[in-house]
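In the form predicted on its own, a lone chain appears below as structure tokens.
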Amino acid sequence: MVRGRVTGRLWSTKRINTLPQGALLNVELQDGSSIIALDPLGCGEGEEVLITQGSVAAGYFQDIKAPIDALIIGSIDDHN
């Protein structure tokens, strides 16, 4: 799992059928790099998130063979 912050949304009007429903979000990781992750949760810009990658991300979807390698699995709450 990696931690990052949502920096924007990507819009894609054309998608392959096996791409699950959800937004494609640009996420800046703690090391300064960025990744595009599928978001089934409805996270927004500026939100801190947890991401799983690789076969674990694709394996989350049991009914289809999802072509994803980064999946947002949680939103980190700020309890300050």
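This is a predicted model, so every value here is computed, not measured. Numbers for residues come from their place in the sequence shown, where the first is 1. What we label the rigid core is the largest C-alpha set whose atoms superpose within 1.5 Å from one form to the other.
Not on display, but discussed next: the form predicted together with a further copy of the same chain.
Even though a further copy of the same chain is not shown here, does G42 get within 4.5 Å of it in the predicted complex, heavy atoms only? Close contact exists here: in the predicted complex, G42 approaches a further copy of the same chain to within 4.5 Å, heavy atoms only.
With heavy atoms only and a cut-off of 4.5 Å, decide whether Q21 touches a further copy of the same chain in the predicted complex. It does not: once a further copy of the same chain is placed as it appears in the predicted complex, Q21 has no heavy atom within 4.5 Å of it.
What residues of 60-76, in sequence order, lie within 4.5 Å of a further copy of the same chain in the predicted complex by heavy atom? Sequence-ordered list: Y60, K65, A66, P67, I68, D69, A70, L71, I72, I73, G74, S75, I76.
Compare the position of the CA of L10 between the shown form and the other one after a rigid core fit and state whether the shift reaches 2 Å. Where the cores coincide, L10 shows only a C-alpha shift between the shown form and the other one that is less than 2 Å.
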